[in-house]
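Form predicted on its own, single chain, as structure tokens, below.
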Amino acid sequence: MQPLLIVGTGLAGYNLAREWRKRDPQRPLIMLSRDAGHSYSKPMLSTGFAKAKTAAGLIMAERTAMAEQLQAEIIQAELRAIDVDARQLTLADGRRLAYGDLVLALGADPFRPPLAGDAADAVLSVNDLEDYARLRERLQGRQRVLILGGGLIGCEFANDLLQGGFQVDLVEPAGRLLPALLPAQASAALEQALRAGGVQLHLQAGQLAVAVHHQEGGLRVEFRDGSSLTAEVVIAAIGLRPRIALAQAAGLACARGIKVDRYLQSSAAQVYALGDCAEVEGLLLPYVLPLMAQARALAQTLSAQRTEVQYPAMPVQVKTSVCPVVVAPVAADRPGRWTCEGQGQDLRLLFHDPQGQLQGFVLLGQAAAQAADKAALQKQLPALLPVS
């Protein structure tokens, strides 16, 4: 019996393996990991300083324990190529692995801005456990941190480092925080909370970093408008790019991510994708809830019970404890209007389309803590990916 081969041991890979093993305890399972293969929750990377967690403290189970739990062979190696005709993988060390079904849970890479200067390589990104360990090591004995990017990742790390006792500057060239998720009024409330907590926000439109230089005591970041800021550690938090290069080289159809259908099958037979690398009917949702829905559906499909993935409305929780945020995002060009209730940082914003249908909402501060209200609003939203 040819094995199921899962490439990736992050949340997507391990959750799929767990769900699938409930249904098929016999078939051989091979998992390929580019890192140590420990099981941990990636969302915890942006709460680790507030909770005084080392990288080792975030590990829920080491690779050997996961291999035993999943009855799997977990190989730490770099994937070099995928041959969908021969149904085999080539590893960087020359080994070849045959598969019956292949699942690509490749994840995404942090976007690295093109920076000049002799310290461009000193800019950090945090996308996995090793990155987090590197950040903690770099911050030993240091206090001043500059974050490039005020989206979800940047805001969460600003909040976490603030709670961890660091001095934080954050730069967002769009002119406001979480511009892709929040309307302007909600951004302003979050900005007020972070400023009150001690984060120094730099929200000048177009303030893009262009160079990073070493200087005595730390780093100097230069911006396109001629301004500069200094810090001891610089973090780029500008977004993620799905890892699609190997899939493209193998001839799989790709757009922003690896294109898959509602069964999470790619353009090649017996090859599937899920998680941050997978684009499901045009939707690329790098969040935990869509990933979990994918894992449950694909586990059934791989167990001979073909099951389409469905996305109900899935609000995003932003882990900013100074001002908690729950958001069901709305595309900027969607017709309709926002209404707002509350004051200060405790806001309830609703977006209705011209027909009066609720299409999105934002809950901030105390409003975000009202679980019953969130659940009631969520039920009113249309599904992101309904039953076909």
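Note that residue numbering begins at 1 and tracks the sequence as displayed. Just so we're clear, the structure is a prediction, and the values are computed from it rather than from any experiment.
Here the subject shifts to the form predicted together with a small molecule, a form of this protein not shown in this document.
- Heavy atoms within 4.5 Å of the small molecule in the predicted complex are found in one stretch of 353-361, 326-334, 59-67, 32-40, which is 32-40.
- Exactly one listed residue, out of 218, 164, 173, 107, brings a non-hydrogen atom to within 4.5 Å of the small molecule in the predicted complex: 107.
- Listed residues 137, 121, 85, 78 were compared with the small molecule in the predicted complex; 78 is the one with a heavy atom within 4.5 Å.
- Taking the partner from the other structure, the small molecule in the predicted complex has no heavy atom within 4.5 Å of any heavy atom of residue 377.
- Interface membership of residue 367, defined by any non-hydrogen atom within 4.5 Å of the small molecule in the predicted complex, is ruled out.
- In the predicted complex, the small molecule lies within 4.5 Å of some heavy atom of residue 7.
- When contacts are judged by a 4.5 Å heavy atom cut-off, residue 74 does not count as touching the small molecule in the predicted complex.
- Three-residue candidate spot 202, 322 and 345; no residue lies within 4.5 angstroms of the small molecule in the predicted complex by any non-hydrogen atom.
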